[in-house]
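The form predicted on its own is given below as one chain in structure tokens.
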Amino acid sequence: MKITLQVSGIAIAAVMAGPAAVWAQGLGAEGSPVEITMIANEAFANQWQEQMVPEFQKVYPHINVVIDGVPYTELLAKSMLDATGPDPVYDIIIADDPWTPQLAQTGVLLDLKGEQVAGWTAPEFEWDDFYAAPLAASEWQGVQYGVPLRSNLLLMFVNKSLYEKAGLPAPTPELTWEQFFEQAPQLVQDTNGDGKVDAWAVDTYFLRDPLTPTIWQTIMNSNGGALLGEDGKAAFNNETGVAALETHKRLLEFAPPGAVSHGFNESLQAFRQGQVATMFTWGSVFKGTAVDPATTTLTPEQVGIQVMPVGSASAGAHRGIWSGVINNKSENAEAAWALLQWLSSKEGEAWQSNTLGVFPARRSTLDSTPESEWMAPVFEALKQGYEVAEQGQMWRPRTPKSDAVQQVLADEVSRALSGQIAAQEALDTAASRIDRLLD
């Protein structure tokens, strides 16, 4: 038997094998609820607890959910410590894009396509509906350990008003890096006529930060380069990698004064204040950048979003996916999968997108018309971005030592961007350190 509930204007379906079966077999019952616990990034944990959990419980009223919000910098370490303990607290871990290999290597994760979980999975779930790039974030060595819950991509934001003031057409997804730099000098401009430059062409990550190398890597990937070769060794300290790092550094010529110390917050503030024409950052900040007057001076009509400029191989878009994984020691694994399945289902993903502004990972969602008009250009950018990310393997290193690799890259890329050493020396040093790390 199948029942369908209407939640916030969309249908949320629960599949039942027989009368009251949805409340049996690990999903709780009247007077005997089950409780599942989740560890997640504090940036969205409270939002889920307050808004998502009540919607989930309209379908599964006998599953209680407790979400523990943890600062990002502490999240992986706390997740690993709990997951590998003899009596883990958390049934569900919400893992950032590069963490699945490290978690999976410990043997603590549940195979979500395994025989046991297959019996708990609704036919309507449709694994094939996910774009390959976001789904692959929680796959390791042929096993699917998670599902994408909050998708993200490194994208290009455009202040159309500043392009218009400079007498330039607004960029399109076909914009090449060569064209970008041809236009950049005109985008460094005096917009109020007082004789002083008050707007610049670009801002992004330049300081030492684990995410700064994603800018360089995306440029390199768009030119056909790779971070690691098939042998698992560093493959970036070559002509393509060096040219990409020099391109990243060249952006500083057209960025605001002091941009060498800019990262996520500084570049975001500059763009939202109308000081830069373009910004390379994570697409999930679009609402706060183009829609919410409490956080931005711009409007949706002024802000464009698209893939990063085109290199010799493709456009660019670096993947950043938050996935839900389940501890295989969980005594409430069926209930935990019920939550992850609901949250990542077609109906649950549409609810998240339309209600919370969360980026979807399913083709069916991205092919639909969002309830909020501002989401329409975001959907188009995500569709393009998922395709090029898959084509160019545009993601952080897929290895249990991913975080350590990223720290090495952060060290050496920042030294090159700040002018301490040349790009070739920086990448040679990074390659040597990473090869020793992965050996």
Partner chain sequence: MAVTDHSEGARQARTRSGRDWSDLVSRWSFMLPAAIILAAVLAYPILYTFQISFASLDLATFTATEWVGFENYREILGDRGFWNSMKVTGIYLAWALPIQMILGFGIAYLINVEWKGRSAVRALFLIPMVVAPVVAGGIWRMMLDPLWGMVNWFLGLLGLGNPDWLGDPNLAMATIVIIDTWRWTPFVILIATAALMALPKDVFEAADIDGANWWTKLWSITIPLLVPIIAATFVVRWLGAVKMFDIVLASTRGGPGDATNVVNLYIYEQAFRSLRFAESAAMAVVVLVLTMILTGLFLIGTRRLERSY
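What you see is a predicted model, and the numbers here were worked out from it, not measured in a lab. Numbering follows the first chain given and starts at 1.
There is also a form predicted together with the partner chain; it is not shown, and the following applies to it.
(message) Considering non-hydrogen atoms and a 4.5 Å limit, which listed residue (64, 407, 391, 51) is close to the partner chain in the predicted complex?
(response) Here the answer is residue option 407.
(request) Tell me, out of 260, 226, 168, 122, which residue has a non-hydrogen atom within 4.5 angstroms of the partner chain in the predicted complex. (result) Looking at the other structure, the residue within range turns out to be 260.
(message) Only one of these stretches, 203-211, 312-320, 128-136, 360-368, has heavy atoms within 4.5 Å of the partner chain in the predicted complex; which one is it?
(response) Flagged stretch: 203-211.
(message) Contact with the partner chain in the predicted complex for residue 80, defined as at least one heavy atom pair within 4.5 Å: yes or no?
(response) Within the cut-off, so yes.
(request) Indicate whether residue 424 is a 4.5 Å heavy atom neighbour of the partner chain in the predicted complex. (result) No, residue 424 is distant from the partner.
(message) Is residue 348 near the partner chain? Define near as a heavy atom within 4.5 Å, in the predicted complex.
(response) Answer no; every heavy atom of residue 348 is more than 4.5 Å from the partner chain in the predicted complex.
(request) Check whether residue 299 has any heavy atom within 4.5 Å of a heavy atom of the partner chain in the predicted complex, and answer yes or no. (result) Residue 299: no, not in contact with the partner chain in the predicted complex.
(message) With the partner chain taken in the predicted complex, which residues across 64-88 come within 4.5 angstroms through any non-hydrogen atom?
(response) Stretch hits, in order: 73, 74, 76, 77, 80, 81, 84.
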